[in-house]
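One chain comes next, on its own, written out as structure tokens in the form predicted on its own.
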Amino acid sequence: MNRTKGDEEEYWNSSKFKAFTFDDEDDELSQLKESKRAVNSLRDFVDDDDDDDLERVSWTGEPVGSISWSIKETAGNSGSTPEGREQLKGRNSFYTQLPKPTSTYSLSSFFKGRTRPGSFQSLSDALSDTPSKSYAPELGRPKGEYRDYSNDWSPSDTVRRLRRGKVCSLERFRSLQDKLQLLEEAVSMHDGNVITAVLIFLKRTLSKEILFRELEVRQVALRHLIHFLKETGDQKLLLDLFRFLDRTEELALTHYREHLNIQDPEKRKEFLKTCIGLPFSAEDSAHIQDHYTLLERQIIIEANDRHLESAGQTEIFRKHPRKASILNMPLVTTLFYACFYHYTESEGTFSSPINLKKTFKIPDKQYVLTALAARAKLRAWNDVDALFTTKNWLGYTKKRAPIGFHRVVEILHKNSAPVQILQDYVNLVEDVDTKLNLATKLKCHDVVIDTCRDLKDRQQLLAYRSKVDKGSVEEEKIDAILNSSQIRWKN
């Protein structure tokens, strides 16, 4: 049969029969390259973090990179014997079944610079087209290292892994006994995060009755679950748990806390009304009653003031429009609001400050402090003066401040009270040193001069003379006192 040269090349290249060539060794090298790529894929099955913990060994059990290993590998590859080729092919058949790892050892690094007689290229040259980072074959990890992938962990091992922040599934613990053992191991570790993680698993996989029954005898885990339910806002399950444990007071407090989720004032008021009869302690019952009464008052005051403000007929609302609603505000805020807008109202009205004081048993100090702040903000100095003026049974008037006149002076100064009013209240401060400090700070010159004169302290009066203006009335007053012969100075 006559064939052209092109037909013959096509025949030999496409047929399953191959002509004899002198490139058999190249076939071995191509197989070796393929096996090398397969070996590199082994790395995907091994965690990068644990590479430093492994000792890489050869197929004979000797460490890779050692002198003895390099000598044996050199001697075994010095000639292309049929036995060596069969051994190499056997290795290649094993390599091709393995995925690609990463390693710090390269086959070419051990044979670099060595060329065999009769070969056309060195082994390192033949592998030069592979990626720059290549790796030598290495033995796999011990079987125990891969238990993580099969979830073959005991409860104690699982808890230790959770404590170290490792990811492991708890789904393999199916029986109640295994789950309780897992919980006990977590409690014995004294790690709140691990205990909470196990409790979340038990909450999801156990019925409420079984979960509550088992936790009743495990108080540490029970406290963690109660805290977790409070933090996550699972009020329904928390109420069920308190009912099961017969903790009536905690059950009542948990039910009361639900009012925070009710925005409508009328609905919140009705809800608080249902809380009044719950089994609270005596002190808590009084607070619940006060809360209900306060909200009831706030709803009435808010509706009335909104009408007055929209009508525009009340002077206080025209000069000082309301900035916010009074609904759901604390008692002290409500009292300040009443002192600001309804200070002169009779005690019989719900918005009267005196009515609020008596209804909620507000202490005198708290009432005076709040009323002073409200009236000073409006610069109603007559009301401030009347707030501290009292009469005895003989009809004599006297100023008295349950909060201390130094606090009164500070509040008046904060609200820009006139100097004369400040001087009147600074003079009422009992402690002399406090009085001098306040008078000096607020530049109440008459108070400082009179106090130094009463103390007969000539040196302090001379020192203060340098602080007043030259030629002022205060300087003339100081000179008159210093020149007086009727005062016997101490210094």
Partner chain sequence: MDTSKSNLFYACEMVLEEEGIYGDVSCDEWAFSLLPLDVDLLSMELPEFFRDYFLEGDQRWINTVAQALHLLSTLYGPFLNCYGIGRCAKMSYDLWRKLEEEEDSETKGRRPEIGHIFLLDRDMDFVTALCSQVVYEGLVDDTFRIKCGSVDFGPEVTSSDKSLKVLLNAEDKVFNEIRNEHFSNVFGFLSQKARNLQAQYDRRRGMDIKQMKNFVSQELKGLKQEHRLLSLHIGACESIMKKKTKQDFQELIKTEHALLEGFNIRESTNYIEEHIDRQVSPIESLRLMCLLSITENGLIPKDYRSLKTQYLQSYGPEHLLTFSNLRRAGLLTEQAPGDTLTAVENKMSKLVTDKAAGKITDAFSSLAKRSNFRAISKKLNLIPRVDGEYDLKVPRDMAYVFSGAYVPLSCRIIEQVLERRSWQGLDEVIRLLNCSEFAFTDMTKEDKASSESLRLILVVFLGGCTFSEISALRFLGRERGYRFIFLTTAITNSARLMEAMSEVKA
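What you see is a predicted model; the values in this text were computed from it and never measured. Numbering follows the first chain given and starts at 1.
Beyond what is shown, the protein has a form predicted together with its partner chain; the following relates to that form.
- Contact annotation: Val332 falls within 4.5 Å of its partner chain in the predicted complex, judged by heavy atom distances.
- In the predicted complex, at least one heavy atom of Gln366 sits within 4.5 Å of a heavy atom of its partner chain.
- Its partner chain is not shown here, and in the predicted complex it never comes within 4.5 Å of any heavy atom of Ala386.
- Contact between Ala311 and its partner chain in the predicted complex is not found at the 4.5 Å heavy atom cutoff.
- Note on contacts: among Val220, Leu245, Ile421, Leu206, the single residue with a heavy atom within 4.5 Å of its partner chain in the predicted complex is Val220.
- Only one of Thr293, Asn415, Gln235, Ser188 lies close to its partner chain in the predicted complex, with a heavy atom inside 4.5 Å, and it is Ser188.
- Heavy atoms within 4.5 Å of its partner chain in the predicted complex are found in one stretch of 226 to 234, 376 to 384, 312 to 320, 346 to 354, which is 226 to 234.
- Looking at its partner chain in the predicted complex, residues Ile200, Asp284 and Ile288 each place a heavy atom within 4.5 Å of it.
- Using a 4.5 Å cut-off on any heavy atom, the residues of 246 to 279 that reach its partner chain in the predicted complex are, in sequence order, Glu249, Leu253, Tyr256, Arg257, His259, Leu260.
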